[in-house]
Ligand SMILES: C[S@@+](CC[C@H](N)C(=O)[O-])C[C@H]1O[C@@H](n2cnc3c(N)ncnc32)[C@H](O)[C@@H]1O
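Take a look at this single chain, the form predicted alone, given in structure tokens.
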Amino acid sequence: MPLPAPRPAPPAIAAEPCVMRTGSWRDYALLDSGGGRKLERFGPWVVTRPEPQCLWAPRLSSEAWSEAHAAFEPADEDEAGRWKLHAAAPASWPMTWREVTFQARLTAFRHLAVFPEQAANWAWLSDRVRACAASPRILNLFGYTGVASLVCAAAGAAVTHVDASKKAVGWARENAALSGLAEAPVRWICEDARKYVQREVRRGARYEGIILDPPKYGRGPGGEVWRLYDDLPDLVSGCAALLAENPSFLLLNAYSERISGLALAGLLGEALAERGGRIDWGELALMEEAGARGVGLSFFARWSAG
């Protein structure tokens, strides 16, 4: 009587966290931080905006901070507010990271349509895609303005980019054109991420890599409500079902003060219990241009097949 096939090993979860640090590059720098704010350069423009985690005192003088071109003034605890301009800043301007060009914008939610701390993830994604033997299929959920999608496309992937915001998808397509990737194999889809994943599972679709960067709270184009703690487990389970027979990675990122990289790693470990591989986890941090201080901004867990 033949012996039953051995069950695949569960993923090995790293025993220690990893801090993925992003330093300055040509078009971005964290110039200073402290007093609950950050002083940053996006391309040629210097801005200040709130960051409650900056509990220490600023390193630079108040005069240096006052020379910023724009300062964000919050109106509520949900990050909404307005920008106070100290110079005639444009509505948008281009920035470049490696092969990808994208527009920075002064949005109404203190962000600039790009999250520079994600550069550490972009570098990792680019390496994973380039290591694939053939052009991998990548699914990017909550893809926002598309920088991660374009990084993967520039590295040779065929990408499906999904976001519930029609405006964000429009910005992502503009960024593709700026990057010379308008004709790259990228599908731009405006839809609720959960509905899209459920439909792809029914279709039997498969992807070699999945990027999952959900907000704490959001709404889909049909009014669907997204709550991170309620909805993330089912979505991660659906993503696990979409991984190809020989996948490369699943990257999960979350911006929430009530979650941890270890919690995200545990969730991936459960969903990928029969996939083997390795799960690394930790946080993303921006490092000041001068000195060793850094600001932790989000938590991540990433599964890799090998």
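Numbers for residues come from their place in the sequence shown, where the first is 1. In this text, all values refer to a predicted model and were calculated from it rather than measured experimentally.
The protein also exists as the form predicted together with the named molecule; that form is not presented, and the subsequent description refers to it.
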* Structure fact -> Among 126 to 134, 85 to 93, 200 to 208, 163 to 171, the stretch whose residues bring a heavy atom within 4.5 Å of the named molecule in the predicted complex is 163 to 171
* To do: Would you check, heavy atoms only and a 4.5 Å threshold, whether residue 97 touches the named molecule in the predicted complex?
  => no
* Asked: Does residue 187 reach the named molecule in the predicted complex if we count a contact as any heavy atom within 4.5 Å?
  -> no
* Given that the partner is absent here, does residue 155 sit within 4.5 Å of the named molecule in the predicted complex, heavy atoms only? -> no
* May I ask you to state whether residue 74 is within 4.5 Å of the named molecule in the predicted complex, using heavy atom distances? => no
* Counting only heavy atoms, which residues in 53 to 70 are within 4.5 Å of the named molecule in the predicted complex? -> none
